[in-house]
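What follows is one chain in structure tokens, specifically the form predicted alone.
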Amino acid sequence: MGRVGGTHTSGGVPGIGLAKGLAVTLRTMTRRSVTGQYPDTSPELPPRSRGVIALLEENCTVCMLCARECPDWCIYIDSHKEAVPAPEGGRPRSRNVLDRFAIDFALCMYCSICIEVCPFDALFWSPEFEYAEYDILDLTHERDRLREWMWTVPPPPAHDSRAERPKELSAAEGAEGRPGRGPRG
């Protein structure tokens, strides 16, 4: 490509770029639109999309790990201790009972740390995304609402049959077969 008198010469027909641009425009104008008009058409979300955090209350032991690890401090947990009688006249035990579990979605940054650190699988991602409110104060959802979203959580993906067997399982099975190295009882 040379430059002659302040204009670019490509050695081709003048205006070819304009003609190519118009051809692309005409080709695009004749295609049918693929935009879905929400809310008339629900979007197809990826299977593991992050919509809202759901709570499986039965699994929550009020260990407070989720609230402690949350970088936004948007999880609020209240509990009380309750005495549980021990079998056969032993000393009564105490256990934490969940009184309040709330998440302020106005503060949440959807980082998934709370779900990852929960040792009892009480928190899950739900693909539900329609939880907007008119007032920002209403974005703090209590445990009843979080419980409702539990039923929208998709099942975990199936294991890949071609995947390598976990080393932990192989090591545990190997340890069980050797004398003196079995699982502790």
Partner chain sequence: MGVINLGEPRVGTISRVAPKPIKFVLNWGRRYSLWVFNFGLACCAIEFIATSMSRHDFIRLGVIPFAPGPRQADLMVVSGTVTDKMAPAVKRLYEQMPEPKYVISFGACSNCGGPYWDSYCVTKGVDQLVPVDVYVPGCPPRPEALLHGILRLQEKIAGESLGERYGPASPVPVAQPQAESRPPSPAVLRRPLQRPPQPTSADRPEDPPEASPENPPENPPREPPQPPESSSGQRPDAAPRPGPLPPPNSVRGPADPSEPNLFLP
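Residue numbers count along the first chain shown, from 1. Quantities reported herein were computed from a predicted structural model and do not represent experimental measurements.
Just so you know, the form predicted in complex with the partner chain exists too; it's not on screen, but the next bit is about it.
Contact label in the model of the complex: residue 71 to the partner chain, heavy atom within 4.5 Å: Residue 71: contacts the partner chain in the model of the complex.
4.5 angstroms heavy atom contact with the partner chain in the model of the complex for residue 61: Flag for residue 61 set to no.
Partner proximity in the model of the complex: residue 97 to the partner chain, non-hydrogen atom cutoff 4.5 Å: So residue 97 does not count as contacting the partner chain.
Contact of residue 84 with the partner chain in the model of the complex (heavy atom, 4.5 Å): It does not: once the partner chain is placed as it appears in the model of the complex, residue 84 has no heavy atom within 4.5 Å of it.
Sequence-ordered list of residues in 31 to 50 near the partner chain in the model of the complex, where near means a heavy atom within 4.5 Å: Stretch hits, in order: 34, 35, 36, 37, 38, 39, 40, 41, 42, 43, 45, 49.
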